[in-house]
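Only one chain is included here, represented as structure tokens and corresponding to the form predicted on its own.
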């Protein structure tokens, strides 16, 4: 199998969880990888880079039940500037929900793009509790799934994998609420302010 091109589609790519997952994937993947963050200005460069890979791994967070606009805009450019050799597209998606199934709509969006533009679709790893799990003893569960993702891509098996923290939902909600309340306090924002639908511009 040839090189894997990894594209980080997070809007905050340089300091994102997606970056951490992409780096971890490269450490456990036996195949040569090359990683880029998608920016506003490098779409055509990334389209050209796809000519030299057999597999494309899109790494991104769930945004409002869909793919982030950073990735969406790149896919629009890719649709108009396809490589001659179309790689197999796989997905590594993380979401803040406990249930990795929350990412199914976003995955379907990538699958639809592949179907409409004749790209083979490969494997998927959906990570629930995406931000929190990196800093817990459950981190090892993610490592095992990343190894399985790398193996499935190398062997072209087309597997659907998922992982999350094995916690009761009530406990996860309580812990996440405490986290966000403390985060708000550090930034001078109360829980009441966070619960409003007002957006400050």
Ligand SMILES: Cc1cc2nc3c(=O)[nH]c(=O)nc-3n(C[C@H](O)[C@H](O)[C@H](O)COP(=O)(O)O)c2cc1C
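Positions refer to the first chain, counted from 1. Every value quoted in this text rests on a predicted model; they were computed, and no experiment measured them.
One more form of this protein exists, namely the form predicted in complex with the ligand; it is left out here, but the text below deals with it.
**Q** Although the partner isn't part of this model, could you tell me whether residue 185 comes within 4.5 Å of the ligand in the model of the complex, counting any heavy atom of the residue?
**A** No, residue 185 stays farther than 4.5 Å from the ligand in the model of the complex.
**Q** Report yes if any heavy atom of residue 138 sits within 4.5 Å of a heavy atom of the ligand in the model of the complex; otherwise report no.
**A** Flag for residue 138 set to no.
**Q** How about residue 95 - does it come within 4.5 Å of the ligand in the model of the complex, if we only consider non-hydrogen atoms?
**A** Residue 95: yes, in contact with the ligand in the model of the complex.
**Q** With a cut-off of 4.5 Å between heavy atoms, is residue 58 one of the residues that contacts the ligand in the model of the complex?
**A** Result no; residue 58 lies far from the ligand in the model of the complex.
**Q** Heavy atoms within 4.5 Å of the ligand in the model of the complex: which stretch in 26 to 34, 64 to 72, 149 to 157, 43 to 51 meets that?
**A** Contact criterion met by 64 to 72 only.
**Q** Listed by sequence position, which residues of 12 to 51 have a non-hydrogen atom within 4.5 angstroms of the ligand in the model of the complex?
**A** Going through 12 to 51 in order - heavy atoms within 4.5 Å of the ligand in the model of the complex - the hits are 12, 16, 17, 18.
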